[in-house]
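Heads up, the chain below is alone and in the form predicted on its own; it's given as structure tokens.
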């Protein structure tokens, strides 16, 4: 549970994500979706409850410790070093290995997301979609097994959306796991194995995409009918 100045932002939400799964979180604005991700990767402290990752409690871990344990994170508004090049941005996260290995990993993941040809371009000169791909590449340099993604498709050209979907599906084939927040209902329903619906800080539904589509409470929440 998480409160901000007495207001409950996340109210006793319990969820699990199995290895190799792609799970989506949907819900209206202000329903607690991003706060839930922030709690999981320890960007903010929780008031009650426990967070278990790979069989161990990380409830008191620091954010960098969750990254070292194999948890990656991307954000709705990309957090890039805009005055650094694409290559320099990708090499930033890895600080405990030598430069040649850092560069090797950066090249690998920039090629993977399709940005290697822009390696010498400043991050600020990329389109919004390319910046999201760069953030994915930078996250992958740490070789996470579990990726938390906040609105990866928001404000992105449909061609880049298709590329991001392809990247996620290819990474899942490698055994990686995803928890994705998105308002892009069409995309997220086609991508995920299971959906979680939040409203007013609570989990109000959970199931496979077809079950969620048929849930009248979800229709009410989204359409007000």
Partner chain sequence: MSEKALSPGFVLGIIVLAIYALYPAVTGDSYILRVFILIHIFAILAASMDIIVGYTGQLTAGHTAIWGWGAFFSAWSIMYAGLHPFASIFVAGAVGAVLGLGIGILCLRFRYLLLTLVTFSILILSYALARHFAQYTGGELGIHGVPELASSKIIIFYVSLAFLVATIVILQMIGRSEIGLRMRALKDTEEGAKVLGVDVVKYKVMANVIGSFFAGIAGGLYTTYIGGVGASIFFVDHLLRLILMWGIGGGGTIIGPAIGAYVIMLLGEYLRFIEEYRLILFGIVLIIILRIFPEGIYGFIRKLIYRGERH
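Positions refer to the first chain, counted from 1. Bear in mind that the values here come from a model prediction, so they are computed numbers and not experimental data.
The form predicted together with the partner chain is left out here; the points below concern that form.
Here the chain stands alone, but in the model of the complex its contact with the partner chain, taken as any heavy atom within 4.5 Å, falls in 41-49 among 153-161, 177-185, 24-32, 41-49.
Proximity to the partner chain in the model of the complex, defined as a heavy atom within 4.5 Å, holds among 173, 60, 64, 54 only for 64. The partner chain in the model of the complex comes within 4.5 Å of no heavy atom belonging to residue 145. Although the partner is absent from this view, residue 73 contacts the partner chain in the model of the complex, with a non-hydrogen atom inside 4.5 angstroms. At the 4.5 Å threshold, heavy atoms of residue 114 stay clear of the partner chain in the model of the complex, well away from it. Taking non-hydrogen atoms only, residue 127 never approaches the partner chain to within 4.5 angstroms in the model of the complex. Of the residues in 117-150, those that come within 4.5 Å of the partner chain in the model of the complex through at least one heavy atom are, in sequence order, 120, 121, 138, 139, 142.
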